[in-house]
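Coming up is one lone chain in structure tokens, specifically the form predicted alone.
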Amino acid sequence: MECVFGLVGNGFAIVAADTSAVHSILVHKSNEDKIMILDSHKLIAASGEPGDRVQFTEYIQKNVALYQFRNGIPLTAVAAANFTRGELATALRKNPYFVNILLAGYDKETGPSLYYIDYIATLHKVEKGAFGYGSYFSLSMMDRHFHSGMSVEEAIDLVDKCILEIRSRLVVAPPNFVIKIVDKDGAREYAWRESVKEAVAV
């Protein structure tokens, strides 16, 4: 029951994801970070089959780093989104990845951006987006409360409303979420919202 969602505010983009690693009726862990820092000013949040999600996001991360290493300049957010879409489209005709992606980035020239890329290689630039069962609730909350030019405080409040709605309405809701932000100061972890702590083996 994965939940990944994000939005663009005034000078920043925020993405949030559940942190549950689940197979069938088993929860393997509750602190799986599904939001990868692609480079200094990009985040990639992914949902889908665990193996595909990890392998594909690492593949994109390494290729983005390779481009910067070879050319001396980083990819822009739109270039990274189009590269990601291209790789998904190529794989779709060979060995498809079942992975849905929200790619958030910040460029000096164009500011913050959020890209919606699904497993059949559809690419859209959006102001808000979501994947997974949690999207039924987070999208409706964002439709109601989102507006352009939100401050960080307003955006975090909206993210918390989405998390609360998912926890209270989804029958097998994930307990923990991680929130990350990207702005002119870079991509970084913002906060965790935890209702279950990972047990420590003694």
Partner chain sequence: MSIFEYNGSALIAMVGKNCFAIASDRRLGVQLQTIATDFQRIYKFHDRLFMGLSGLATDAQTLYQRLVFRHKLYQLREERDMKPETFASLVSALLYEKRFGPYFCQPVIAGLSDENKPFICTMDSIGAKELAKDFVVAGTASESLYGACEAVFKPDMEPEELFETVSQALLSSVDRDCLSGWGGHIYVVTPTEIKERILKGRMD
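Fair warning: this is a prediction, and the values are worked out from it, not measured in the lab. Residue numbers count along the first chain shown, from 1.
Keep in mind that the form predicted in complex with its partner chain is missing from the display, and what follows is about it.
Taking the partner from elsewhere, no residue among 29, 49 and 97 has a non-hydrogen atom within 4.5 angstroms of its partner chain in the model of the complex.
Under a 4.5 angstroms non-hydrogen atom cutoff, its partner chain in the model of the complex lacks residue 87 among its neighbouring residues.
At the 4.5 Å threshold, heavy atoms of residue 118 reach its partner chain in the model of the complex. Not displayed here, its partner chain is approached by residue 123 to within 4.5 Å at the level of heavy atoms in the model of the complex. Of the heavy atoms in residue 135, some are within 4.5 Å of its partner chain in the model of the complex. For the stretch 1-37, the set of residues having any non-hydrogen atom within 4.5 angstroms of its partner chain in the model of the complex is empty.
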